[in-house]
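Following this are structure 1 and structure 2, which are two forms of one protein chain, each written alone as structure tokens.
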Structure 1
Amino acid sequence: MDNWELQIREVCNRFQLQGEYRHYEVINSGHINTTYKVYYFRDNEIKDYILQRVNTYVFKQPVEMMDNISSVTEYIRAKIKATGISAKRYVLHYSTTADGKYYTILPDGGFWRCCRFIDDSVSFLKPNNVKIVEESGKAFGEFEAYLADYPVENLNIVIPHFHNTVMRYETFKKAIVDNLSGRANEVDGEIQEYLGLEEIATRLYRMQRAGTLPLRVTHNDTKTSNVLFDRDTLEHLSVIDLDTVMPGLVACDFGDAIRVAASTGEEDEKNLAAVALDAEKYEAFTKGFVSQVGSLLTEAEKKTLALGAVAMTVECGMRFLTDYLDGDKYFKIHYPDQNLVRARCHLVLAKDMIQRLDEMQAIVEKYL
């Protein structure tokens, strides 16, 4: 047994996992935390768990983050169990240490957590199956419905100003002036187009600051890959990757999901003619999302869901362009100019959404 496996065994022991340890495997799907699947034998069957070493460079307040995660998952669990249904497959269940903590810190400073693996579950990066898109909409809508009466003021802010689009624009303008990469002149066209979208992109944030839109418990990373589905039926089971659960706007969760799930291209599609809003997938996600949480929203929230897709697409694309101007320091790139390609792709998608905003909102109204 190598030193790394000994460390994994130590973490398992701290989380009081019962049974006979068998082996572990590395899970490579994540980009931030280091993830392992660990297998134990107990009661004549294999029990599997997910161990994660949290990236404390990205998440600088991991204890507060785990407070958020444990609090909302236990809140959801209680609601599911109150209906008489087992919550085992429908919400993540985190293990605790002997002193009742949902995390443990090893002598090397490693910050670890452990949760049960949900049996017979699968996830998808960017599915073409419309049923999966609709089910992912149901999953995120259901997540927000479960937490609609959760006291949002109890949540910790683990990443300040995460969707503060006004501040994102200030950072963008500073990057233009600083021009650390010396690239500003060559992308002046893209810069001017993003500057021209400032009013519509910041509208949601300004409405929230004015008190028009309420803060709720939001997921803040609503990619389809952050939903587990039943392997056989493809129905949604549980939302995962809860690191960014914080106070936020429903429209931002809705919009960020649309940005990924309902685009006809990848986020770094070089053929810009291939990038547009996929109306079928947009409607599928909207149908699923609204079916779960629509009746709980305020009138202002209902009227700004489609706008959320524009805001999140502009915000993300502008962040890619900001990083390009800064010399590609934040986002991981796999080839030169990838951040510029991403920024251009998001710009095209956002402009298509703006042209079709009335159509998009009409679909929201159809399912409300």
Structure 2
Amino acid sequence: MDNWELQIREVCNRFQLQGEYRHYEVINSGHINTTYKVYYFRDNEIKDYILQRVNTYVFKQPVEMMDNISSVTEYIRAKIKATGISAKRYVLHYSTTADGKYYTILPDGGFWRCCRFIDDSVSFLKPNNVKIVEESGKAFGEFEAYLADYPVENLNIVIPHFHNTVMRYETFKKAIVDNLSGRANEVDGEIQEYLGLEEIATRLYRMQRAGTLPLRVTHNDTKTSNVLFDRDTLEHLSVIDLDTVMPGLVACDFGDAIRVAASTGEEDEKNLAAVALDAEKYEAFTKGFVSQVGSLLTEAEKKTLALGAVAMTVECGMRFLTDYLDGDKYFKIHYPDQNLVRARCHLVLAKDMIQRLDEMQAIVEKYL
């Protein structure tokens, strides 16, 4: 057993887990936290857990983050149980330590948490069929519907200004000036293109600031890999990665999901000719999402969903470019120019969406 595995076992021992430790594997799909699947053996069956070291460069208030997560998951669990169904596969369940905390901190400062692995579940980085896309729409719509009457003011603001696109533009402009990586000249074309999209990309946030849109409990990181599906039926089970649950706009959740679920390319697609909005997947996501949450939305919110896709695609692409300019400090990268590749393909996708905004909004109206 190497030192790393010893540390993983040490963390496991601090949580009240049932059964005996067998082994672990690394899960590499997320850009932020470090995730392990830990195999436990109990009653002659494998029972697994997800162990995560939280990225405290990104999440500076991890205790407040875990407070949000535990209260939101308890709230959803109570709602599901009230319908007479076991909530086991439909909401995350975090384990506690002997002193009742949802986290443990190691002497090196590492902030760790542990939740039950949802049995017979799968997740997809990129959905390859419309059924999965529609189910992911249902999952995020249902999440918001479950939390529609949760007191939004009780949530901690885990990352201030997370989807404040106006502020994201200010950060981007500062990164261009600071040019910490020395790469600004090399990407001047991309920089100018992102600057040119500022008016349309910040429109949604400016509406929020004007007070015309309600703040709801939103997920704020709605990419497809943050949903678990039943391995056999491919029906949605649970929304995961609840780190950024905060007060927010429904259009941000809708739009950030579209960015991934309804792109014809990968999130870091190098072949830009292969990047566009996939109309069939866009419609499938919209159908699933609206079926769960559509009846709760105000007239003003309904008009912003398609715009949310533009805002979130530009914002996310610009965050990748900002990180490239800063020297790749925020998002995990798996090859040197990955943040730039991500930024380029988000630009292509956003421009396609802008041209097709009316068509996108018409599809929303069709399902409302």
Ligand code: GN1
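Only the largest set of C-alpha atoms that superpose within 1.5 Å between the two forms is called the rigid core. Along the sequence of structure 1, residues get numbers from 1 upward. Every value quoted in this text rests on a predicted model; they were computed, and no experiment measured them.
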Point to revise | Label of the structure corresponding to the form predicted together with this ligand | key: 2
Review point. Quick one: core overlaid, is residue 10 moving 2 Å or more at the Cα between the two structures?
Key: yes
Check your understanding: Do you see a C-alpha shift of 2 Å or more at residue 323 between the two structures, with the core held fixed?
Key -> yes
Review point. Rigid core fitted, then: does residue 65 show a CA shift of 2 angstroms or greater between the two structures?
Key: no
Review point. For residue 180, what C-alpha shift in Å is seen between the two structures once the core is overlaid?
Key: 4.1
